[in-house]
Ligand SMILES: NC(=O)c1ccc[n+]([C@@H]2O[C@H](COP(=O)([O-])OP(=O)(O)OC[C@H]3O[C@@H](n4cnc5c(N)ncnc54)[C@H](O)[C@@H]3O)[C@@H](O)[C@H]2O)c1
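Given next, in C-alpha cells, is a single chain: the form predicted on its own.
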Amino acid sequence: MDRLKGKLAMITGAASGLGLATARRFTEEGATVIINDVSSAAAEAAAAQLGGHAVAFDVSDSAAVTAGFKEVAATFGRLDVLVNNAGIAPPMTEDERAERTAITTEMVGQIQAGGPVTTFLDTTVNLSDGEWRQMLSIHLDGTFYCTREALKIMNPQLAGSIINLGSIMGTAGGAGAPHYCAAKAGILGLTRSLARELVLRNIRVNAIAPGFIETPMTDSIMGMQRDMIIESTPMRRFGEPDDIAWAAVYLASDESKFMTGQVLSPNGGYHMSQ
C-alpha cells in the first residue's frame, strides 16, 4: 500500500482492459488517477468507480490532446506520471477472422505434413493506406502527442515518470500484423530516445511490452491461433491484466528510481531475449 501515495497519474485508454486494471492498482497504491478515453461516458464511468477524474480525448488528434492536457494543468497544476496505454488491435470482421483462421489452419497443416506450403497469410500486400495510418496514428502518434504535452507540465517540475505500452509484437515481431508491430517497435525506440533526452530533468521514461494478456483486445484470438500461442508460452497460458498493472506500479514508483530507457516484458516466457 501507498507505493504511489500523493502522486497524480494520467492513464490513456483507461476505461477498460489494461488501462483500467492499471488505474485500479494505482488508486489502491495511493495515487490520484486521471482516466482518459476516447469516450467521455466510458471515462467518466471508470473515474467514478475509482474516485478519479475523467478527461476524454482522442489520442490521435493533436489538438484534442493539447486541450486535454491544458485542462489537467489548469485543474491540478502538476503531473507526476503518464501511462501511454491507449491503443487498438488490428480490426477484423467476423468473416475476416474466420477466413484468417481457416488460412492459418491450412498453412500449419501443410507445414506439419512436410510441405509444400501453398497457403499464405498475405496481410501486408492487402493492407490499405488507411489501415496502416490508423494503427500508427493511435499507437505511435498518440504516444508522442501525449508525451509532448505532458512534458510541458513535467519539465518545470524537474521530475516525472512516463510509461509507454509497447508489446512483444514490437520486440519479437509477429506475422499478419505489420502495422501493429511497426507501431509498437516505434514506441520502444521513442522510449529510449526520450529517456536519454529527459534524464537530466529527472524524468524517467520506460516501457512495458506485454505478452498475450486476457483482455477484450485479445478476445478475438480463438481456436488454433490461441492454442499455438499457449503452446509457445512456457507458462502455458495468457497473462492477466494485473501482470501488467503491477509492472506499471513499479515503474511509476520510487522503487524504480534507477530505471530509465528500459523495457519490462511480462509475457510468460513467450519471448526471452528482452
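Worth saying up front: this structure is predicted, and the values here are computed from it rather than measured. Counting begins at 1, following the sequence as shown.
Omitted here: the form predicted together with this ligand. The next part is about that form.
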{"query": "Heavy atom of each of A9, S62 and D80 within 4.5 Å of this ligand in the model of the complex", "finding": "no"}
{"query": "Options 119-127, 150-158, 86-94, 99-107; stretch whose heavy atom lies within 4.5 Å of this ligand in the model of the complex", "finding": "86-94"}
{"query": "Listed residue (L165, I162, L194, L140) with a non-hydrogen atom within 4.5 angstroms of this ligand in the model of the complex", "finding": "L165"}
{"query": "Option touching this ligand, based on a heavy atom within 4.5 Å in the model of the complex, out of I230, A54, A247, I213", "finding": "I213"}
{"query": "D243 within 4.5 Å of this ligand in the model of the complex, heavy atoms", "finding": "no"}
{"query": "Close approach of S253 to this ligand in the model of the complex, 4.5 Å, heavy atom", "finding": "no"}
{"query": "Contact test in the model of the complex: G17 vs this ligand, heavy atoms, 4.5 Å", "finding": "yes"}
{"query": "Non-hydrogen atom contact A45 with this ligand in the model of the complex at 4.5 angstroms", "finding": "no"}
